[in-house]
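Only one chain is shown below, in structure tokens, and it's the form predicted on its own.
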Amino acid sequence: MNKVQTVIENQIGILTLNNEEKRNALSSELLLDFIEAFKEFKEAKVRVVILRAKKGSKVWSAGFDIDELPEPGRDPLSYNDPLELALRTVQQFPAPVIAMIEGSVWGGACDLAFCCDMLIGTYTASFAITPAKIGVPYNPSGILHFINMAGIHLAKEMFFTALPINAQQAKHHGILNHLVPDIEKLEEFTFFVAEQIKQNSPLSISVIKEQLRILGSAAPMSAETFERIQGLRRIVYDSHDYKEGIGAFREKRKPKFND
């Protein structure tokens, strides 16, 4: 069974996460299905994509599938890993991608949602980024997504506490474009926004989206700075904390991190 479901309605592509047994955890299998779905949308020349969980979901996505994290000594999120490929697929897709958020969004799924062009949610929505909870590092591009979306201070709070922010906070900080109070109207409102986008020039939107993507990541970084960041990340994924965090998660116990 495919881990995502897709349908195209009136030039709108709808991708539904379909791994409820694992709370839509972003496994390699799901992510590869996700990437293939976007290829189909591109070939069909859809004008807008809506990314969603099934109606009534309490968890939009549990984030990166912890069972697929590598053993210590290997970068857990390198450039060509499926999650990174999926994030770039969304960013580089020529049409706008709307994340319709119902339920909680965890870890790498936050990154996925934040890479979308717009986020529309209801009051059940919440967002949490949790690498510090399990002792893993995070990659520079992912951190930049959070800084661009949430600002430096909220990004620090989310990474340091690993606590979720609720829908009202997300709207206040500009993470959610729209907060729909009535959960029954979330779908209706999201499709209304998609229809407004669909009426405009797809070429103009595609070019503007690419300009925004380039400008949003235009901060210069020296080779030395990049190497320093990679060195910092390696300290974590070579560490006792990395091994302990993953082990504790799998054994459903509280981790014992080094002081």
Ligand code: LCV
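Predicted model, so just to flag it, every value in this text is computed and none were measured. In case it trips you up, residue 1 is the first one in the sequence shown, and so on.
Missing here is the form predicted in complex with the named molecule; even so, the following discussion is about that form.
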- Note on the structure: Interface check vs the named molecule in the predicted complex: of 116, 180, 86, 134, the one with a heavy atom inside 4.5 Å is 134
- Item | Exercise: residue 194 in contact with the named molecule in the predicted complex, heavy atom 4.5 Å | no
- Query: So, in the predicted complex, is residue 37 in contact with the named molecule at a 4.5 angstroms heavy atom limit?
  - Reply: no
- Message: Even though the partner isn't displayed, in the predicted complex is residue 130 close enough to the named molecule, meaning a heavy atom within 4.5 Å?
- Response: yes
- Mark residue 17 yes when one of its heavy atoms lies within 4.5 Å of a heavy atom of the named molecule in the predicted complex, and no otherwise. no
- Using a 4.5 Å heavy atom cut-off, indicate which stretch of 104-112, 180-188, 166-174, 86-94 touches the named molecule in the predicted complex. 104-112
